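One chain comes next, on its own, written out as structure tokens in the form predicted on its own.
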């Protein structure tokens, strides 16, 4: 698989087999991802890899915290999207619910689906990406996005699927309790990782992308077809 094929093949995996991912493979993936570019070569990313009992405790802690907030979504800043950005997220949810046979009226199934993100979609491992709080307001947050994508692309080499997700890190106090990540580090995002469950309906989804012609302007290409 070449680079172009890998980028096009990557998709969010929301259902995994229980097979554990060997530490050696995860280390290899992180070595590749750590070659990602960063502003002024600051390399702001820090990785915490969790699996087994530790991951299970984080999952349980997340569910308990989720139950305690009783329907409030204030801890998920992504819900502040408006306009076309909100519409794209709604369209995605519609497609997923169709594949999972979740009707609009079925509140129980909808709630169970939302919980899956806080459970890291039952992946056998998760990579938590953090940065030093001293870097807030810098380009570091952009760099963390770059390295997260690199993890997803590198994982394909080993037949692994991934899902970049914020729900797993919505309650950082839970993660800190079981990993020892200090308050001086901001836990920004998680990457669920494991071997895809080919029979899981939502894994059929390949989310839509806008046409390049609709999101790109060209200048200085006189005489060329674009």
Ligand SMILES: Cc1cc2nc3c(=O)[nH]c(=O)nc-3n(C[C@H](O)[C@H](O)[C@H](O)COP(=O)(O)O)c2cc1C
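Residue numbers count along the first chain shown, from 1. Only a predicted model underlies this, so the values are computations on that prediction, with no experimental measurement involved.
Just so it is clear, the following notes concern the form predicted together with the ligand, a form of the same protein that is not shown.
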Going by heavy atom distances of 4.5 angstroms or less, which of 181, 189, 32, 54 would be at the interface with the ligand in the model of the complex? 189
Which residue among 28, 46, 166, 197 has a heavy atom within 4.5 angstroms of the ligand in the model of the complex? 166
Given a 4.5 Å cut-off on heavy atoms, tell me which of 34-42, 158-166, 173-181, 55-63 is the interface stretch with the ligand in the model of the complex. 158-166
Contact check in the model of the complex: 18, 110 and 120 versus the ligand, with a cutoff of 4.5 Å between any heavy atoms. Do all three pass? no
With the cut-off set at 4.5 Å between non-hydrogen atoms, does residue 213 touch the ligand in the model of the complex? no
Residue 209 within 4.5 Å of the ligand in the model of the complex, heavy atoms: yes
Report yes if any heavy atom of residue 102 sits within 4.5 Å of a heavy atom of the ligand in the model of the complex; otherwise report no. no
Though only this chain appears here, would residue 146 touch the ligand in the model of the complex if you measure heavy atom gaps against 4.5 Å? no
Along 1-38, which positions have a non-hydrogen atom within 4.5 Å of the ligand in the model of the complex? 10, 11, 12, 14
